[in-house]
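This document opens with one chain alone, in structure tokens, the form predicted on its own.
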Amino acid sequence: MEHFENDEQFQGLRVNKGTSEQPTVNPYLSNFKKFKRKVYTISEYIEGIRKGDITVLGQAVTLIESSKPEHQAIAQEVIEKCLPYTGDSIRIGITGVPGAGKSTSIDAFGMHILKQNNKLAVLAIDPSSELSKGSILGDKTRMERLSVERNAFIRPSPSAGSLGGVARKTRETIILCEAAGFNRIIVETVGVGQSETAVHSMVDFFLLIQLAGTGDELQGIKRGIMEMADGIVINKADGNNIEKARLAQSHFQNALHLFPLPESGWTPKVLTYSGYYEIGIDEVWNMIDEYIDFVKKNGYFDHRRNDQSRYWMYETINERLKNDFYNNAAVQKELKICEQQVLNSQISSFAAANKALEVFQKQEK
């Protein structure tokens, strides 16, 4: 481009010629072939999972997480064919208030498990924020040792899903992990909230991690979560915090005495440990082993597994009906009308719901 400022009439001015516009994409990239992920057949998925191939397992879990109908169809067939090879693992649910050290503890627990020649899968239930759609992916970075172990598989939950949907996918992922030979499964929840019930419905042992020295240790812990716990551990029992941890231990132990004996017949224990310094890890795991032996002998282990299978059958039905309802075109149209009538106080919320349901029922006939 020539600049008029360089004309002789503009003495003392000089504008240099600019460089041509550079391409925004690196031209050297055109020499590389675009990477395509291998597409497996159902038989290849089964074979790879049975061999413990982490790559195949990871892609199978991705199919479970996918919302595409064609992916779901393949995933369900893979799950069905993996079922005969499942059920031999010990499933442990871990929860605790934010900052309780769940990820650090799982890293320590996991290394202890691997030293006993076990294979470990760590899964996470995180329905994620409805605003930010944030996920727990960062937790994997806090399991530094486990993340590089050959016999460990760490899988964060899918982000931006309903609690029921995320929990169901985690339950299905457990099946694939067991078929791949992982005989120890840890399911982690994020914080203390509704996800605890979902985790409790898919594990054999439910562990609550607590902290000492944060004020009233019992304050803010829902009774339901305390009743679900098969064991409570007080983390960060090291240095100057040891006495506070022991005091918190006695508080929780006294609180547990107020609850009726669980259906399992097991009396929950309260232990102290330090996940960071790995103090008391053996005692925590011995408690879990003791519980598993106890419930297997009295038959509760199989009873609980059967109850969980029944629970997830009905949960899956509920989830499917909910999706079918909201994805129905006639229902979507009716919902807009009903919503406006509710906002204008022309109709009650309950009557509006019934109108929408009636439209759905007519569509299904």
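The structure displayed is predicted, hence computed values, not measured ones. All residue numbers refer to positions in the sequence shown, first residue = 1.
Not pictured, yet referred to below: the form predicted together with a small molecule.
Contact flag, Ser157 vs the small molecule in the predicted complex, heavy atom cut 4.5 Å: It does not: once the small molecule is placed as it appears in the predicted complex, Ser157 has no heavy atom within 4.5 Å of it.
Non-hydrogen atom contact Thr104 with the small molecule in the predicted complex at 4.5 angstroms: Looking in the predicted complex, residue contacts with the small molecule include Thr104, since a heavy atom lies within 4.5 Å.
Contact flag, Thr272 vs the small molecule in the predicted complex, heavy atom cut 4.5 Å: Outside the cut-off, so no.
Interface membership of Gln249, the small molecule in the predicted complex, 4.5 Å heavy atom rule: Because no heavy atom of Gln249 falls inside 4.5 Å of the small molecule in the predicted complex, the answer is no.
The unique member of Gly265, Gly87, Gly99, Gly224 whose heavy atoms fall within 4.5 Å of the small molecule in the predicted complex: Among Gly265, Gly87, Gly99, Gly224, a heavy atom within 4.5 Å of the small molecule in the predicted complex occurs only for Gly99.
Partner-facing stretch of 113-121, 273-281, 169-177, 67-75, counted where any non-hydrogen atom is within 4.5 angstroms of the small molecule in the predicted complex: Looking at the partner contacts, the answer comes out as 273-281.
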